[in-house]
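Okay, here we've got a single chain as structure tokens, the form predicted on its own, with questions on binding and movement later.
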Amino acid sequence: MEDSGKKEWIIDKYNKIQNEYQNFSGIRDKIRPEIGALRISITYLLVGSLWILLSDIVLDMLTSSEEMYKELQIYKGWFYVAITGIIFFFLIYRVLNLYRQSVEQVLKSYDEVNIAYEELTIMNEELTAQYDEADQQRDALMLSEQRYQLIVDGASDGIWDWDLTNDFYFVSDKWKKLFGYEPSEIRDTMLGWQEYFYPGDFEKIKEILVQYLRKETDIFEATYRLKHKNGEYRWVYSRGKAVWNQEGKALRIAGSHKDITETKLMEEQLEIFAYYDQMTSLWNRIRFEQEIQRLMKRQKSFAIVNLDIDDLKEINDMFGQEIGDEYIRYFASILNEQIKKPDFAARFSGDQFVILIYNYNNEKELSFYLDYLFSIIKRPWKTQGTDILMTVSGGVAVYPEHGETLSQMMQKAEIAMVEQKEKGKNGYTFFQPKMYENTLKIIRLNTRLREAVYKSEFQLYYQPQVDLVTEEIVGVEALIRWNDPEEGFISPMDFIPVAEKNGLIVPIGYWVLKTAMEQKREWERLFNLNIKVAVNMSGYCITDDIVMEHICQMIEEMGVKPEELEIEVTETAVMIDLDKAKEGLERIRSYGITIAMDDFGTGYSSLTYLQRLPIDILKIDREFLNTIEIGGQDSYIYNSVIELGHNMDLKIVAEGIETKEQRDYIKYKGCDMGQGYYFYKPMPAESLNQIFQNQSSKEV
């Protein structure tokens, strides 16, 4: 029963009891014992007196005889009894009736009181229960308030409650003190806090709040900066939930604040580690890729320039790793200084950098920009009192002309950079579709070359070397040939450089050396012919200690006479690592094996190599011989080379002899041996067997 209903019920019961009381009082007032008794007595006296006085007179008037008088006297007595009985009946009835009414009223009131008592008892129980519940709620409220206060005081976060209707913005005192303010210094309204926000942050929060109040988000969340009393701005993370009315309007929002300044600083530090190169402070590959993806989504035209520092390994070898790292930082400082926003540079790896050029317009404009940048890069770099000229090779790819994905763009820029390296480094090249085709050709060649090594698709051809005095075959040079099932014969000039890059030159070198030695043993068995066999060896094999160990072991196991084996190297091969090359060649020479310098005359420091390396034979390159005009100035250079070799106690072999005039010239100039199409073309061992057979027959 609601409180208002109980109140009305009590008032109604009270009114009814009042009415009953008034009725009972009226009846009570009517019941007056002394008056009633007096009334009966007076009535009886009056009736009796009148009856006595008047009845006899009336009888005297009505009767004439004594018998009638006596008879009527009897009737008069009975009549008197009857009349007095009736009178007393009504008098007593009236009194008793009032008494009965009073008793009934009392009983009725008693029943009403009982009912009211029972209802009041029930009501009292309900009121008692409500009172107990009110006590419990009051205790719970007190406990809740105490708990809330404990939470507010004990929470590490700031507690806030914003009454949107009245713009009352409660923030815990602890939070205010955390920012150096006393509780009374800041008004408890949102406007009171507005001046403490970092410029622009409050507007961002309002946008987030509007989205939340539109129920576009499930929770209010915002990150912003608040001003500490010392002037420092600290990062704050706020979140909260709203209370809504039935119309869906937010009445208030409550939540918490958290100081995340340390977290933000840590995030910034992590971002530096995640997105910036630690050595140069430039963007790293991850950050670069993110920016590229963003530009691609916006369909913006841009260009990337893939840069690779030329010959950085030589700087490391010559001056040490620390100097190499110093140059990388120097180079990065140039990029950082010259490349202005929105363009930027990133470092991908040790000596690889990438430049992103926004809003690419045309090749001419970008070329002007890069020409200026490369002119800065080419300036001498001073270190340890020495000026060093460093150069860089670059490849340029343009979006979307050269690719629609980051991997495609990087691939095209890498291809263009490699093209520039092959052209002589020190510059940049724009990607062209034909470069991609050439790269695909190399990739396919690389794949087929691996299959060729696995399936032993190679064959050795042998070109005889002739003694120019006796014109007898004194040796043969083993030349590798590759008979590809799809392409046919592939020139060593095409696949050997690829093999050196992918490391297959080592197993190929093993195969060539082993096959040539086995063939030499076969010729010894068939023709009792102790002929020297020359085998070309890559600089990657000579400068590798493990490979050299395996080669020396193979030579010992094959049982070939060392003096009948010749190892040929080129100037280019020993340039990989001159000291290691010298060490490897000296080890081979210690077995009694002859060392020949092949293609002499094509390098830039030939005389230096002759002085430092253990060389026995000098093979003059065919291109050198082809450019000589007999009697011309070049012939004097050729003469000087032959004379120089002989003075160093070296034997001279002329390569590429194709005419009788060339044969006569080199013979006249004192060359020891000749090799070329004029004498013999390279041929398989089976064809050379016939020549050896004929030579053996003549000797017999």
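Rigid core (definition): largest C-alpha set, two forms, superposition within 1.5 Å. Bear in mind that the values here come from a model prediction, so they are computed numbers and not experimental data. Residue indices: 1-based, along the sequence shown.
Below, we turn to the form predicted together with a small molecule, even though it does not appear here.
- Site residues 300, 359 and 403 are none of them in contact with the small molecule in the predicted complex, judged by any heavy atom within 4.5 Å.
- Taking non-hydrogen atoms only, residue 566 never approaches the small molecule to within 4.5 angstroms in the predicted complex.
- Interface residue remark: residue 496 is counted as part of the site for the small molecule in the predicted complex, having a heavy atom within 4.5 Å.
- Although the partner is absent here, residue 655 is a contact residue: one of its heavy atoms lies within 4.5 angstroms of the small molecule in the predicted complex.
- In the predicted complex, the small molecule sits beyond 4.5 Å of every heavy atom of residue 354.
- From the list 486-494, 281-289, 392-400, 182-190, the contact stretch for the small molecule in the predicted complex under a 4.5 Å heavy atom rule is 486-494.
- The contact with the small molecule in the predicted complex, taken as any heavy atom within 4.5 Å, belongs to 481 out of 450, 423, 481, 441.
- The contact with the small molecule in the predicted complex, taken as any heavy atom within 4.5 Å, belongs to 537 out of 346, 537, 236, 305.
- In this overlay on the rigid core, residue 201 has a C-alpha that sits less than 2 Å away from its partner position between the shown form and the other one.
- Here residue 619 counts as shifted, since its C-alpha moves by at least 2 Å between the shown form and the other one after the core is aligned.
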